[in-house]
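Below, in structure tokens: the form predicted alone, a single chain.
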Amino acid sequence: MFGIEFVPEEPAVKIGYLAKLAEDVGFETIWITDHYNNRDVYTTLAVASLLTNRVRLGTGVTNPYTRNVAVTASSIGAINELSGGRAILGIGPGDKATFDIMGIEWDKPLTRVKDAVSAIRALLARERVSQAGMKGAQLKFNPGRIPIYLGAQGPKMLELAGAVADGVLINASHPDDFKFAVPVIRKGAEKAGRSPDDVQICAYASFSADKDRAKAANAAKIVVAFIAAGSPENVLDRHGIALEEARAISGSIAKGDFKSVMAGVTPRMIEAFSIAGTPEDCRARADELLKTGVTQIVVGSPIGPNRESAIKLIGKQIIGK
């Protein structure tokens, strides 16, 4: 199963066009990122819902800090209604650096996410909710059943996903990351008395496909640079990447020296933090991930050197295989 991520850096109608193209070539899920400095995620999902017929439509991912959870429940409920029951709510703890810029305190992320999932589920069931800081909130319409997926990285959030979520979105591209993550998710499910098979596991991967392997790898470099710069030391160690290499890239990013950023990205980093190469290369990596317990490959930025061509190529030579 393949999904695809779109960042709404362009008008919603353009993203809607790309969503329709993705649907036509065989993608099953469209994920739209939620960042305050891009177009609104729910507006974009609304347009995509009107231009598509089959694909599932998800937030990839929102958070409980920038929006009150009652507003989130109302918004995703409206998308579910508009799309004929195709909505998925992806929610996670978000990014502290972004919240710092916005002046929002990033407190108790595990508790905030756990409480948000519980409250949103109750709101979607039209219950009167007095949790997550609310005092009797209730929706006035019936949005229907909406799966909730958690964006998770660390072991505590992964275990929580196994305990409470319908699925988990993990920003990773390498099988070794899932060999670590999948058992933690399964442990969380089992401790909660659930079947681990009830939790869908999505590899939310930096992806770059092109018939030219070098072009595909080069297109992935800037995304890989940011991943490497932001990765904790234990993840870098897992992939044999020196902390000094990642710090050098981080320093170049801070200076705005993107020539040095690109030069600092090594083949090992591209291998660790992306799925990049020819269709055959990408399909081989996807198959490796599926063997670890992954149930959905999400094709994330950059998608390829040319996005539209890459979507068609992925549909024909990767999904179609």
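All values reported here derive from a predicted model rather than from experimental measurement. Position 1 is the first residue in the sequence shown; the rest follow in order.
Absent from the display: the form predicted in complex with coenzyme F420 (F42). The rest refers to it.
When coenzyme F420 (F42) is considered in the predicted bound form, Leu110 lines it closely, a heavy atom lying within 4.5 Å.
Coenzyme F420 (F42) is not drawn, but in the predicted bound form it has a heavy atom within 4.5 Å of Pro93. Although the partner is absent here, Arg247 is not a contact residue: none of its heavy atoms lies within 4.5 angstroms of coenzyme F420 (F42) in the predicted bound form. Within this chain, Ser118 is remote from the site of coenzyme F420 (F42) in the predicted bound form, having no heavy atom within 4.5 Å.
The partner is absent here; in the predicted bound form, the one residue of Met157, Leu123, Ala87, Ala219 having a heavy atom within 4.5 Å of coenzyme F420 (F42) is Met157.
Among Ser83, Ser74, Gln200, Gln153, the residue placing a heavy atom within 4.5 Å of coenzyme F420 (F42) in the predicted bound form is Gln153. Of the candidate stretches 189-197, 164-172, 141-149, 247-255, only 164-172 contains residues with a heavy atom within 4.5 Å of coenzyme F420 (F42) in the predicted bound form. In the predicted bound form, coenzyme F420 (F42) lies within 4.5 angstroms of at least one heavy atom of each of the following residues of 57-82: Gly60, Val61, in sequence order.
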